[in-house]
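Considered here are two forms of the same protein chain, supplied as structure tokens in two stand-alone entries, structure 1 and structure 2.
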Structure 1
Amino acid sequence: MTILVFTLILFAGALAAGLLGSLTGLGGGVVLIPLLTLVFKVDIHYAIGTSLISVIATSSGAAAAYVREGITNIRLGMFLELATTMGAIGGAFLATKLDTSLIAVLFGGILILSAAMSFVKRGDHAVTTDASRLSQVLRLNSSYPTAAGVVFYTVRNVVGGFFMMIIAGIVSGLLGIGSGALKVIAMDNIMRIPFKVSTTTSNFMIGVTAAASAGIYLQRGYIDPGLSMPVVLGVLVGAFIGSRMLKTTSVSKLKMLFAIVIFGLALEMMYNGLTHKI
């Protein structure tokens, strides 16, 4: 296989990953790393670096649209980025120290968590008014536009959410993914903010979190232009098409199918890690 053919196939694979990632809300990173390591036999360090770059691309592209709609809670995002960026730098250092087999097993675990999380029903919580003191001091309580008018909401358990975000940052820096699933746990389940706000704010933060570990990845030579070029472009095109399709297609069956695929990939990553093939 020549570089030309390799690049074209990789572009097509990344396009599919970006499309599925944006349609199902799971992000492209979760399938990119298994695609690169299991199918293309790329070393996991290169795979992590490539995935991290694509995560920055999709996050920035989507955030541009969401921020303008006024749903993203920028203050909350900025405050929690303190946690995710510190975590990400720790995670990126860990990635350079840990055995690749262990990284593969951890990655499989996070994949299973992400797939499982996509089935948890995410209804909107009753809007509470018992804001914690800290969320008042930090002015995290905000409002967002809905079809029925502006809805005000408050943020609870700021400290708990902050700690969960440190973990999300570590995972992001260690595995080169956006770790959207963990960010959603922090904001939906711990801080209790409306799900549309948590989804867009999580996406807003992913780019900055990834940029924090990108410096370490660059210096260690994880980011290869030949791999990143088709993957970044493919994921961007796929995510763009996905965001257009999202308004017209029902995704519940697709989501189920994608989750099964991810589950299978997770098991194979873990198996390869445990048998030291990765």
Structure 2
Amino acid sequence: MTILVFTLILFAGALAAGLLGSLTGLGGGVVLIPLLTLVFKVDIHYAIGTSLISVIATSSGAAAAYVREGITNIRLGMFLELATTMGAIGGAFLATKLDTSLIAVLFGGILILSAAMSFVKRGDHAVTTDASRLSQVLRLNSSYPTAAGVVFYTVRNVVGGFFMMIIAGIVSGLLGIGSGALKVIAMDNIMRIPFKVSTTTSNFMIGVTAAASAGIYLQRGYIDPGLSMPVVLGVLVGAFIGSRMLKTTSVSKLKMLFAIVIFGLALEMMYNGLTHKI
């Protein structure tokens, strides 16, 4: 395989990752890491480093569009970033000490959990009552536009969501997936905010979370410019397309896509980790 063909295939995979990451709040790493490790046989530490760069690019590409459209809850995202950044630094240090096969199994387990949570709940949350005291004090309650008009919602269980974000940050630094899956779960199922707000706020946050741990991977030499360049370009294009599609896409279809894709990738990663092929 020539360098040009390799770059084009990697660009196409990154484009798909950016599109999926933008639509679901995953950050794209759930596609890129299996692509690099299973298809191109890249060491998983380098795959994670490249994924973190793509996560930053995805966040940059999609977050601006979502903020402009008024879907992202900026105040909530900035508050939760305190937790994810702390966790991401700890996770990045831990990743350099663990065996690659163990990381692959952990990666698959987290994705299966994410898929299962998506199948459990299919309705959307648009709660306008019973806001928590803390969400009122921090002024986290907000609204977002829909085809039927503006929908107001409240944020609940702020403390539980904050601690889940610490775990999400550790997963981000450890596995390089931007922890978008756990962030969406925390906001959708724990804090009970609308799914589209969860995904867009996750996209807003994941760049900061990834940047906190990417510096550690760069210092350890696990970020390769030859891998990162086509990935960044691909995820930016994919994220831009995804940001245009989200406003008119069905929430139930988004959750189904979220679950099916990552469940298949999770099984593949766990199998290769358990058989020490990674």
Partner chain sequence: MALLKKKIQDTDLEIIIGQLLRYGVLISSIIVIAGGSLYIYRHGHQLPNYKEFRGEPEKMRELSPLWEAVLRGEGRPLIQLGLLVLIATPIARIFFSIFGYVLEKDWLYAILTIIVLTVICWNF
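Superpose the two forms; the largest set of C-alphas matching within 1.5 Å is the rigid core. Along the sequence of structure 1, residues get numbers from 1 upward. Small disclaimer: the values here were computed from a predicted structure and weren't measured.
These are two forms of one chain. I'd like to know which is the form predicted in complex with its partner chain. Structure 1 is the one predicted in complex with its partner chain.
Is V151 among the residues whose Cα moves by 2 Å or more between structure 1 and structure 2 after superposition of the rigid core? Where the cores coincide, V151 still shows a C-alpha shift between structure 1 and structure 2 that is 2 Å or more.
Where the rigid core has been superposed, how far does the Cα of G264 end up moving between structure 1 and structure 2, given in Å? A shift of 4.3 Å.
Rigid core fit between structure 1 and structure 2: Cα deviation of A14 in angstrom: Reported C-alpha shift between structure 1 and structure 2: 2.6 Å at A14.
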